[in-house]
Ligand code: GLC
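A lone chain, given as structure tokens: the form predicted on its own.
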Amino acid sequence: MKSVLFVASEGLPFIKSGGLADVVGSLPEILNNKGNDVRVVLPLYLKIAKNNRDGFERIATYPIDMGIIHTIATVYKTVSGNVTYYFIEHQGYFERDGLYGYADDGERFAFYQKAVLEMLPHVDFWPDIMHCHDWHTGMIGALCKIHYGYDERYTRIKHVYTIHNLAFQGNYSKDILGSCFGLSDEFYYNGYMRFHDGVSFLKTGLMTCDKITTVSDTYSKEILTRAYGENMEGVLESRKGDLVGIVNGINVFEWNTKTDPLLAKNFDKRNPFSGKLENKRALQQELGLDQDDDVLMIGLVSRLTWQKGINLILERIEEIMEMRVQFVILGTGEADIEAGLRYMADRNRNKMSYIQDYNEALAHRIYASCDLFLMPSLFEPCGIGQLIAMHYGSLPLVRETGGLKDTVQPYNEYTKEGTGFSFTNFSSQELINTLYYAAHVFYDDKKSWRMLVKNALSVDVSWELSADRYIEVYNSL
């Protein structure tokens, strides 16, 4: 058994802005089911405070002194399922409308990391391993060694660092070393934390951890290249012996077609087709689309950014709308993408619906209703959408990158194998060609389509196998 503290900037069931929250909200429970003691610490954001703080147990208030930061932190505790959660409160830093994107993010997450380390004696939990996630927690390994090198309780802790998206790095001026961490410029000049002309939280995490994981095997190889390395490929190459790719899973208790209360009709993999049809009919009615049982319904639930390949869709949206399809899109993102989708949805109200929002309940209904699910990403470290789509009997159409390549087996019309459709190059032509092919199978080869749906529903997208691989990483330390 290992004791592990997950340190992250977001996590379900309390707060989410991206896939990181899904991992932090699902993996600890499975690891605990396997006999470990895994706990989670998060910032106490405004949304969490409003919805939950009154029900939390207040543990302690303690001072945080580091550089120019002279303030206090309060730690709260609760239990959800079989997982203990801690929350670091600082109203000035965290009780804001958003999670990220503020001018003082470096200072906010410097405070958070110090507060997590100072929390340990107050909660009397000294983990074997601190499992840190993304740039917001990248300095913890260094702080353990530098600020607490005299204390064996800290120095005995091993560090695992998971990259969920290498594009977000926490890069700041070197002045942040002194101002927010109380460290000398020595750590900039010796290259320990330096990245270009500044300091990188993410690079520091990569250089100071014992093991690096990322969220799919293909992505672990892609990030060693210039095309995907986000200028960190040299750093990662130096640590590739400690780099492991472990694909994400999903919470199959929450995402369960047999019990999901958000669906119009529940169904299972033994006979999914009547259930999916009832859900399609209900979604068509809800969104004002034509009632058509036989139309190919395409779904997309995503952040609407260039990285997600939405620009490829917009390049071909006129052509897509000329096909016999219905297109349902849920998400927010870049203003020009949102505007383009709104314009096309207004022009094609009977066959396209764009919901400029993120609505968890509607997302469940889209996954259950659509026949095809689009994820034409430029890069995708793992991806959650394609896993949910397969688990809900919707065939993913993806670009072969990162976790999309690892988890979606493209249809082979000769062997009749596959769980979806894929294309290789980041090209709108390849996207539309693959969409035409998927539509051909849907309309002209119903037997193969139904077989593909059953194949997709049979894929194990749970955390079970991946959790075993994380336990292997922990045990190796």
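Note that this is a predicted model, so its numbers are computed, not measured. Start at 1 and count along the sequence shown; that's the residue number.
One more form of this protein exists, namely the form predicted together with the named molecule; it is left out here, but the text below deals with it.
The partner is absent here; in the predicted complex, the one residue of N248, S220, T137, S369 having a heavy atom within 4.5 Å of the named molecule is N248. The partner is absent here; in the predicted complex, the one residue of V215, A115, C180, M130 having a heavy atom within 4.5 Å of the named molecule is V215.
Stretch-level contact check against the named molecule in the predicted complex with heavy atoms at 4.5 Å: of 159-167, 350-358, 232-240, 105-113, the positive one is 159-167.
Contact annotation: K308 falls within 4.5 Å of the named molecule in the predicted complex, judged by heavy atom distances. Interface membership of A456, defined by any non-hydrogen atom within 4.5 Å of the named molecule in the predicted complex, is ruled out. Interface residue remark: V461 is not counted as part of the site for the named molecule in the predicted complex, having no heavy atom within 4.5 Å. Contact annotation for L20: at least one heavy atom lies within 4.5 Å of the named molecule in the predicted complex.
Contact residues in stretch 359-392 (any heavy atom within 4.5 Å of the named molecule, taken in the predicted complex) are E380, P381, C382, G383, I384.
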